[in-house]
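The chain below stands alone and is given as structure tokens, in the form predicted on its own.
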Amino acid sequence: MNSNSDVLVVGSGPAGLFAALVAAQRGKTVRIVTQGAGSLAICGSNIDVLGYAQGQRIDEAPWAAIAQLAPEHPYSLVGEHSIRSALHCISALCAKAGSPLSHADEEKNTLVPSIVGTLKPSWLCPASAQGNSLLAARRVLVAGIEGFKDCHPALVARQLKRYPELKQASFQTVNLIMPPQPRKRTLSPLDVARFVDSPEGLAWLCRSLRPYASTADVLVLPPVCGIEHSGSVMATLGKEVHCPVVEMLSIPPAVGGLRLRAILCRELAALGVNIVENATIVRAETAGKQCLALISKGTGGERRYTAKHIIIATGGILGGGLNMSPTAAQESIFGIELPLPEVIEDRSQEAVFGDHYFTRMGVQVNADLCPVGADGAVLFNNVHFVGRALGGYDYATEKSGLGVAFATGWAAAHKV
């Protein structure tokens, strides 16, 4: 079977979904082919633009540090205009959905607490993750949920006390008790967030938090304030509890990321974008510097996709977009060879938080995000790579994952 469109996007992580959305907004016919749910299922809804550079935390706005990045960094390739435009676009989309993103301070990154008691620098945050109310507090309540294995309030409080920004704060902890469940099992933040989406669950959360509002300046919770209705949940908490609430960033399943994915998917559906799921691209048909088609394999057999432009958002090593063996490294669809140190020991450093080569490995591209070879020549004129498939940056160390995903997705959509 053959399917044709103006733009074919491979991958449904943040870069792929956003590139598809922006292209559709520009009047293009768009189809997404994806193997799984994408990385939003394991990341938050805070948009980290650049949290660290040269190992130093960036407390101020990230723009000056971005200007100092290496030429091959994705931010350097797309430019500040694309970064700002992408952030404006995703902010407008979330505001339209009733879950606005904002800066706590337009001159600074926001420090957001995590479920293990660290403070992460982020740029755009939903109302539930505005960490500045935590930094301004003198009385902090850290709340967990009875039955959670991955959130221990005492540990979070102990870790947060290490930060100079919180040295004047006093901490208290509590485990909230869920209503009796028909079956006993281990709960995750996602389970509770889905419960809080219901009137019964929201009433339980308000009732559970209200007694602590008079003894704390801020209530710090796991990310349990709803999935589909997180905006209205936060508004209700503000009215009923009368104390600022800050959600911690958590380990997967990522409640914040799933909230953002739901917003993107609803908008894509409204724009008529077709998403083909459970399909793996197994090969490409090419002629010269053009990709003629991509072939997928799924439960219904093989399917051939053609498009004027193709956006590849298949992720890095963990996402399957890049393959690495002891002797070589390649991009997974086109077999593009990636530069790789011959000596295996040179691909990483002994220091855990060192400058590891494998974390920056990816497809090399030009300013149009088209792949280039070792000599700098373009390999395919109608193929654009976005997100973690790109080389030249380390999203985990930099805290730049969603920023790069949205900036490159926006830039690629404007190249098609």
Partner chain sequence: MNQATVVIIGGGATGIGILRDLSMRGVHAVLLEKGGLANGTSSRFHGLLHSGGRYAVGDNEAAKECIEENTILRRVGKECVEETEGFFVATKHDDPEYARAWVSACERAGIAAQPVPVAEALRLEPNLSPNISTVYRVPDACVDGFRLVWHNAVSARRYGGTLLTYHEATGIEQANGRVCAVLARNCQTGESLRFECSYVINAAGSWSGQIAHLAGLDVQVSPDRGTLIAFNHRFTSRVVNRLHKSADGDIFVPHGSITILGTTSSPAPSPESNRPSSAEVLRLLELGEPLFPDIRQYRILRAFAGTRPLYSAGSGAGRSASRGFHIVDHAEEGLHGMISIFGGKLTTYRLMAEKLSDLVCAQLGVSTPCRTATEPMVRPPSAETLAKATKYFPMHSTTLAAHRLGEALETVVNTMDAEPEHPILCECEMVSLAEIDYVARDPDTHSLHDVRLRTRMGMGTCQGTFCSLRAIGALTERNVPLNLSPTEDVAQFLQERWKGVRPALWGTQMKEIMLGRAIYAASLNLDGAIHEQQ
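All figures in this text were calculated on a predicted structure; none of them were measured in a lab. Positions refer to the first chain, counted from 1.
As for the form predicted in complex with the partner chain, it is not shown, yet the points below apply to it.
Can Glu106 be called a contact residue for the partner chain in the model of the complex at 4.5 Å between heavy atoms?
Result no; Glu106 lies far from the partner chain in the model of the complex.
Just checking whether Gly147 would be counted as a contact of the partner chain in the model of the complex - the rule being heavy atoms within 4.5 angstroms.
Yes, Gly147 is a contact residue.
Verify the contact flag for Pro180: yes if a non-hydrogen atom of it lies within 4.5 Å of a non-hydrogen atom of the partner chain in the model of the complex, no if not.
No, Pro180 stays farther than 4.5 Å from the partner chain in the model of the complex.
Would you classify His356 as touching the partner chain in the model of the complex, given a 4.5 Å non-hydrogen atom cut-off?
Contact with the partner chain, yes.
Would you mind picking out the stretch of 94 to 102, 119 to 127, 206 to 214, 79 to 87 that comes within 4.5 angstroms of the partner chain in the model of the complex, counting non-hydrogen atoms?
After filtering at 4.5 Å, what remains is 119 to 127.
Of Asn175, Thr306, Ser232, Ser170, which one comes within 4.5 Å of the partner chain in the model of the complex, counting heavy atoms only?
Residue within 4.5 Å of the partner: Asn175.
Which one, Glu345, Glu337, Glu285, Glu200, lies within 4.5 Å of the partner chain in the model of the complex by heavy atoms?
Answer to the contact question: Glu345.
Looking at the partner chain in the model of the complex, do all three of Leu249, Pro252 and Ile317 come within 4.5 Å of it through at least one heavy atom?
All three within 4.5 Å in the model of the complex.
For the heavy atom contacts within 4.5 Å of the partner chain in the model of the complex, list the residues of 139 to 159 involved, in sequence order.
Contacts from 139 to 159: Gly147, Lys149, Asp150, His152, Pro153, Ala154, Leu155, Arg158, Gln159.
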